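Only one chain is shown below, in structure tokens, and it's the form predicted on its own.
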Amino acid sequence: MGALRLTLVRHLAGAAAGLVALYVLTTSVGPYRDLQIAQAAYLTCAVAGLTVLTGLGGQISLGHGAFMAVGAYTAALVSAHWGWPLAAMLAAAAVVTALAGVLVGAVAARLQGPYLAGATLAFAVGLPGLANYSHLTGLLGGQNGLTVTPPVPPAALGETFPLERWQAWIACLGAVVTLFLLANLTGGRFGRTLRAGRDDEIAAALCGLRVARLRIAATVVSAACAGLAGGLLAVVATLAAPGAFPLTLSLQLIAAVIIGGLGTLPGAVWGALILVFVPSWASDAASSSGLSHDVASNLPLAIYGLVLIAVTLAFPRGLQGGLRGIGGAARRRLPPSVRRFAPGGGAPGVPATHRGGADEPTTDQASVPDPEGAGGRDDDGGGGAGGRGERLRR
């Protein structure tokens, strides 16, 4: 219990520090940057949920843009027909999308590899098109979508308080809460069982884990995060329309997971920041380059692609994995008496927790039982279910 309490306190401290940093950042920039911060915040929710499904669960999903559409339309419908408050509207978006995740997860549990990718790809392509279906046009607004009433800042903030800053605060709060909940969820038994099923499905089944149920649970959690992201998108953009959820959105979310760091929650933040700010920086560079219109219009896409390629080549395990590698190299250069107290250096009395990439072992994985009972490994160090159980214990 002491280790769990220490982990919870550390996550609470991190969430509080993140909120303070975001408050300082949003109050020091203009309305345009506030909107960009809000966009990065709700994309962080979606990327973090996809990190749990793909990075920890090993399930490829190309349909998270469709989950965001479900959340956005749910928020818009709840706001228009029942006038629910903002918190209830976002909660409804997450719950309804989680229910959709149950249906998709039940199908995904029976599929693997390219078959799963194809099924989720069809989901991403087909679902937003329902808004143009003749029998649903009156409900979903067709191609024009549904408008969402902008959230009104509290009167205590003053009459001149910028709406963009208030929207950024809402989105940032949603992102911090999502990361806090996912950090506690994946750092416990749920995260350990997900990694066990991802690393060796047969060994996990021999240990008594129900792999199909784990995959469905991971899909539900990931879908709820994407639904919250869609609800926040509707609040920030004040619109839920099918054009906001193209197939490229789902592909960008997958790219953000890989570039930020597969299986790491801090990597989800890095990936969302890249999705938002790299294209903006590329567009600014193209507009100020003085090149012809034809070249300048295609330059942002080229710069964006080059940046993604460079990051992938420089940090094969993502930005978070690269930063951890740099930090580990720096710690190894410290004297032994100082190294043990450095961040991540294993200070006495502080248990290690999962902060690294998807393939990094954790100390609490030792609670996964060996499929052969006490079973060790063969004399040559490999082979059989006992060897797999030993790998899970490590």
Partner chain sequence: MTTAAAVLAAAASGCGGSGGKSGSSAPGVTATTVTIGSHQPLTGPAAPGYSANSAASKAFFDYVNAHGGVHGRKIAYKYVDDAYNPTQTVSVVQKLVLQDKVFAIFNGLGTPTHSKVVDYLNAQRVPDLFVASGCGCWDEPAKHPETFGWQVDYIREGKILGDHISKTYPGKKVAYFSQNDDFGQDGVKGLDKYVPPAQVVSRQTYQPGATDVSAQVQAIAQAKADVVVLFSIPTYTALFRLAALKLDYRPTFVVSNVGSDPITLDGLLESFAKSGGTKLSGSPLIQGMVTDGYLSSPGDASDSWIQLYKKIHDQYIPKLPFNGNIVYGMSAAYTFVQALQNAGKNPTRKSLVDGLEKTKLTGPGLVPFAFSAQSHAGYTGAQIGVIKGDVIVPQGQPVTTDDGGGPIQPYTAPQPQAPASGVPPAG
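Numbering follows the first chain given and starts at 1. Everything numeric here is computed off the predicted structure, so don't read it as measured data.
From this point on, the text means the form predicted in complex with the partner chain, which you will not see here.
By the 4.5 Å heavy atom rule, the three marked residues 14, 146 and 293 all count as contacting the partner chain in the predicted bound form. In summary, among the residues 96, 214, 237, 89, the only one with a non-hydrogen atom within 4.5 Å of the partner chain in the predicted bound form is 237. 301 is the sole member of 80, 185, 139, 301 with a non-hydrogen atom lying within 4.5 angstroms of the partner chain in the predicted bound form.
Residues within 4.5 angstroms of the partner chain in the predicted bound form, judged by any non-hydrogen atom, belong to 266 to 274 and to none of the other stretches in 153 to 161, 222 to 230, 185 to 193, 266 to 274. In the predicted bound form, the partner chain sits beyond 4.5 Å of every heavy atom of residue 102. In the predicted bound form, residue 328 stays away from the partner chain, with no heavy atom inside 4.5 Å. For residue 243, a non-hydrogen atom is located within 4.5 Å of the partner chain in the predicted bound form, even though that partner is not displayed. Residue 84 falls outside the set of residues with a heavy atom inside 4.5 Å of the partner chain in the predicted bound form.
Of all the residues from 172 to 206, those having a non-hydrogen atom no more than 4.5 Å from the partner chain in the predicted bound form are 176, 179, 180.
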